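As structure tokens, one chain now follows by itself in the form predicted alone.
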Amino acid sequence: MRVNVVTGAGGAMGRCCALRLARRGGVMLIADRRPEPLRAVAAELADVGAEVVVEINDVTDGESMARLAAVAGDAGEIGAVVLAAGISPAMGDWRALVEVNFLGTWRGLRAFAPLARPGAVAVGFSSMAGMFLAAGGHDVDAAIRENPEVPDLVDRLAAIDDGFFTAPEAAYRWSKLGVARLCEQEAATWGARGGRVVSVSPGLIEGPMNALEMQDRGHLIRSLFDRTPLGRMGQPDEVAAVVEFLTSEAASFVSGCDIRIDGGLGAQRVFDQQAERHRAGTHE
């Protein structure tokens, strides 16, 4: 029997991913560190007839991720592994952002890799915010080329660029760019077993996390909204729809890449940067 796994299932996007994947039948293994929202999602899945397994899970704990993979392996053959657990700058300090977003994804990819078989696919959750850092020249790849689980990774990051990474916004961008890079790298590991790895980069998506960021960084969110070509925020289910496609047979040759779900904001940013460089060049 196929097993589809969603971490961070208690969040808005994780919940929508779980609901869409449940339509495929098989077993839905949903995980989150928060019991109450996880139980609510489990009830919704049961209402649509899904076979549900619920696990309290902490992506910052390697043993917890190993247990989750073991539960999935015992339940059947791995289908989709959606690593949707994550936090935003308003939800934790810079260390937590790196631990949950970046290292949490690393632990998930590595825990489930031995279970990968033809047709299995893992989806990491990056963010359009990673593009802001990618353009800034900070070397996220250096940390990934080494073992991301070395004990002093977070401390080494703190020393880069005179404390650049200790600002939550910078750590968030780094952690999310790191997710995209991890998924590019791990595509080879999973591919050797016939599996795929991709990442998605949501832009401004309505939900509790975005509402929290509006309270903490409203000026930045409004600025990003104003620059989004579609002129609106996305919905969690629009992200889940893309994840549903990427984990389907229709996307069977898609691996090692990142898909932006941002209403055109990333493309607009590239255009703005090119225009800014052109203006700077004409004034030299």
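When you see a residue number, it is the position in the sequence shown, counting from 1. Bear in mind that the values here come from a model prediction, so they are computed numbers and not experimental data.
If you look for the form predicted together with a small molecule, you will not find it shown, but the lines that follow are about it.
- Contact annotation for Ala84: at least one heavy atom lies within 4.5 Å of the small molecule in the predicted complex.
- The small molecule in the predicted complex is approached by Pro208, whose closest heavy atom lies within 4.5 angstroms of it.
- Put simply, Ser126 is close to the small molecule in the predicted complex: some heavy atom of it is within 4.5 Å.
- Ala22 falls outside the set of residues with a heavy atom inside 4.5 Å of the small molecule in the predicted complex.
- In terms of contact with the small molecule in the predicted complex, the residue from Ala111, Leu153, Ala170, Leu204 that brings a heavy atom within 4.5 Å is Leu204.
- Stretch-level contact analysis of 195 to 203, 74 to 82, 113 to 121, 181 to 189 against the small molecule in the predicted complex, using heavy atoms and a 4.5 Å limit, identifies 195 to 203.
- For the candidate spot formed by Asn4, Ile30 and Arg67, no residue has a non-hydrogen atom within 4.5 angstroms of the small molecule in the predicted complex.
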